[in-house]
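There is one chain below, alone, in structure tokens, taken in the form predicted on its own.
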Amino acid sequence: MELSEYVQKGFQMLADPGSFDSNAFTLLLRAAFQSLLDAQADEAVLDHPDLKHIDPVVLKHCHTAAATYILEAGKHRADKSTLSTYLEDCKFDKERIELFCTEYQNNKNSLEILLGSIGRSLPHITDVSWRLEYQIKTNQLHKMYRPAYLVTLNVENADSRTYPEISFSCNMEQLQDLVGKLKDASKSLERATQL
């Protein structure tokens, strides 16, 4: 796992017992998991009375670092030994490593479900519909007399099995440009598959 220098510094501050006592560490760790897994969570999780003595900038920095590491660990399906090794490198003591690993194991399934719900593929166009619209006047009652096309793309999200629609309006030149680009893309794809 590669983490930015900013995240590493925040994690090292979190490991320092002088900055975060055992209770503050536990509260911040649980707040990091809660903010990731609970859609209703807000910044109030950092307003706990036992965290008031910590500089808000440091608190948010360490919270961000913990949340980033949790997400990266979940993304890589890290096991306890991987977690422990990285935490030891960041100067965490045994008690904090054990607490972090326990909290991670308790939330691992929820974390994997959360990460799995994030889409991995682009929507797939399943159908196209269009209609010709003729604009006669604008909102300011200026005469227009110009055609426009209302195009609706029906798409399917493979990850979530939803079927949203994407609608847009364009004039004749814009539609011809779109059709030309789609033909170019189709020809490029044909050439690529023939190789």
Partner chain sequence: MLLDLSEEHKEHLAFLPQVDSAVVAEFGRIAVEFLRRGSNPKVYEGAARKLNVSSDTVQHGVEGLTYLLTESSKLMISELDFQDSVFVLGFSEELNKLLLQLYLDNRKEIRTILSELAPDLPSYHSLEWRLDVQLASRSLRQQIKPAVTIKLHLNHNGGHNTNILQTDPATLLHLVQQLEQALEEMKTNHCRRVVRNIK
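For clarity, a rigid core is taken as the largest C-alpha set superposing within 1.5 Å between two forms. Numbering follows the first chain given and starts at 1. Not measured: the values here are computed from a predicted model.
Below, we refer to the form predicted together with its partner chain, which is not included among the displayed structures.
- Just one of 94, 91, 124, 80 comes within 4.5 Å of its partner chain in the predicted bound form, counting any heavy atom, and that one is 124.
- Here the chain stands alone, but in the predicted bound form its contact with its partner chain, taken as any heavy atom within 4.5 Å, falls in 126-134 among 59-67, 46-54, 25-33, 126-134.
- By the criterion of a heavy atom within 4.5 Å, residue 98 is excluded from the residues contacting its partner chain in the predicted bound form.
- In the predicted bound form, its partner chain lies farther than 4.5 Å from every heavy atom of residue 13.
- Contact check for residue 188: a non-hydrogen atom falls within 4.5 Å of its partner chain in the predicted bound form.
- In the predicted bound form, its partner chain lies within 4.5 Å of some heavy atom of residue 168.
- Residues of 82-111 that come within 4.5 Å of its partner chain in the predicted bound form, judged by any heavy atom, do not exist; none qualify.
- In the core-superposed comparison between the shown form and the other one, the C-alpha atom of residue 180 has shifted by at least 2 angstroms.
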